[in-house]
Ligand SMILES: C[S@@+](CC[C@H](N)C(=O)[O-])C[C@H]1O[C@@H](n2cnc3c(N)ncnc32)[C@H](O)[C@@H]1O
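First, one chain by itself: the form predicted alone, in structure tokens.
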Amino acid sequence: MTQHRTAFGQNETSWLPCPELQRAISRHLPRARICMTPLRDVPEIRLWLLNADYCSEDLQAEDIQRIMRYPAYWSFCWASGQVLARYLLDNPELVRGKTVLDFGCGSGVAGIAAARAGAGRVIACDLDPDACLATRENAALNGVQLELVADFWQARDPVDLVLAADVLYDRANMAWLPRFLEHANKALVADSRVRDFAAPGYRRIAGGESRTWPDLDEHDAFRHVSLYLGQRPAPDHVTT
């Protein structure tokens, strides 16, 4: 193993690439590499992510078409995921001993943070099988265990808290907000695309700043992340 400096000025241990994830991305993006990457805003966690210089390379039209056909969301750690992970690690009482479900897990960063913060059980779900693979490998890299399911509704056991980071980029996904509270007593949603929303049961509780890594040079507005807590309404008292 060799030591070198990262873009954040931290020492990083260079390991051999994760073979399964490298094969997964090479099928679609032959020039891409998967690298072990420390997170600037969550240094307790490292992830297998796309090489930092890929997006700054002189991409040809064919490369851009490949990215559009296979965006590989799991190979980035989005700003919302990092802010949510930071919040969980700083407020472990939210998950300690609880059953947590990481919805649309992507790289798995939120679920990994929940496990590191003391969650009793963490279930991660994503429709993309490569995202499930990435979450499995990233969990192993960070020394935690996550249960993986392909579909939200496959997690039939009671859940205390649903986590969702950066899933509201498509306004159609707002329909998931009440579904989270059908499945769990609480939901914690992090998003940088939606500044506020009036979904029943949800309120903004905090905010933070981060940036997607590898850096996509997104507009500064997308580095401001809001955290929303949703709570299932208490059942009406029945009097006789």
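The first residue of the sequence shown is number 1, and the count goes up from there. Note that this is a predicted model, so its numbers are computed, not measured.
Only in words, not in the display: the form predicted together with this ligand, which the text now covers.
- Although this ligand is omitted here, in the predicted complex none of V162, A206 and G230 has a heavy atom within 4.5 Å of it.
- Per the 4.5 Å heavy atom criterion, this ligand in the predicted complex is contacted by stretch 127-135, the sole one of 154-162, 114-122, 140-148, 127-135.
- The partner is absent here, but in the predicted complex a heavy atom of N173, alone among N51, N173, S26, N185, sits within 4.5 Å of this ligand.
- This ligand is not drawn, but in the predicted complex it has a heavy atom within 4.5 Å of F76.
- In the predicted complex, this ligand sits within 4.5 Å of a heavy atom of V167.
- Proximity of V109 to this ligand in the predicted complex falls within the 4.5 Å heavy atom cutoff.
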